[in-house]
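Single chain ahead, written as structure tokens, the form predicted alone.
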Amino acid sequence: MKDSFLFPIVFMLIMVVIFVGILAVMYRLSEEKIAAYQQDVFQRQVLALMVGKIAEATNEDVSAILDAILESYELYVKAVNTEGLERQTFIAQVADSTVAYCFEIKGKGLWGSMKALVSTTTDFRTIVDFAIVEQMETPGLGARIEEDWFLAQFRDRLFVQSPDAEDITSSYEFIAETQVPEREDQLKRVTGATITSDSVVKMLRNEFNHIYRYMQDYRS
């Protein structure tokens, strides 16, 4: 009776150890490929956020630049060492002339942290493009901040309104997703996710206040 009781427990423990070992070996074997894939995705996102400015400066087609992702990234994008900023920073350069910047930024959502990439003009006042990279919001609700219609509201937006003020950005009013903005300071929120929508704007405002001031000193 005792043996029959212990046998399935020991058998299950042995099977767990075997499967965990197999998974660990598989992960180790594919670790480099996973890291390379993640790096490729990240570089594609950085390039995509600045590709419009690159295309303007080179007169190339946007799709052609993105199709040649490895060559384009190597040719046009460079990481910048901004010691003290504590944010990954990239520039898009065409013929030694900087045409755009891209920053990795962080904030807090309703359920956890969020990470994004934002590209700016060279004066750091206007958002060129914007993408959410990581978030932990509710699927079908807050997670919809990754949808293009929501992100498109920030593209080509003059975000630094008062460079000499304590808060260099402007406040924004959220309206329903189904409404049409009547003023420049109105943004459509994700339905059922007011806190998450507000968190995105709060992240941008906090980060721009820090990045703009830092970059003014960095470039001076």
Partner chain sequence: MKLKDIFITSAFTENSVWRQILGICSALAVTNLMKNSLIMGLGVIFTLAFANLTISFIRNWTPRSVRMMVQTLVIASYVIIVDIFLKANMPEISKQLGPYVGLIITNCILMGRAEAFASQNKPLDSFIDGIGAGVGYTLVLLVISFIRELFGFGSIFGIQVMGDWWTPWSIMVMAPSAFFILAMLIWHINTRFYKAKV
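Residue numbers count along the first chain shown, from 1. Just so it is clear, the model here is predicted, and its values are computed rather than measured.
The protein also exists as the form predicted in complex with the partner chain; that form is not presented, and the subsequent description refers to it.
Open item on the list: To test your reading of this chain, name the stretch in 61-69, 47-55, 187-195, 152-160 whose heavy atoms come within 4.5 Å of the partner chain in the predicted complex.
Closed with: In short, 187-195.
Task: Distance check, Leu85 to the partner chain in the predicted complex, heavy atom within 4.5 Å - done: So Leu85 does not count as contacting the partner chain.
Task: Interface membership of Lys33, the partner chain in the predicted complex, 4.5 Å heavy atom rule - done: The answer is yes: Lys33 has a heavy atom within 4.5 Å of the partner chain.
Open item on the list: When the contact criterion is heavy atoms within 4.5 Å, does Phe42 count as touching the partner chain in the predicted complex?
Closed with: No.
Task: Partner proximity in the predicted complex: Pro139 to the partner chain, non-hydrogen atom cutoff 4.5 Å - done: Yes, Pro139 lies within 4.5 Å of the partner chain in the predicted complex.
Task: Residues in 9-37 close to the partner chain in the predicted complex, defined by a heavy atom within 4.5 Å, in order - done: Those in contact are Phe11, Met12, Met15, Val16, Phe19, Ile22, Leu23, Met26, Tyr27, Ser30, Lys33, Ile34, Tyr37.
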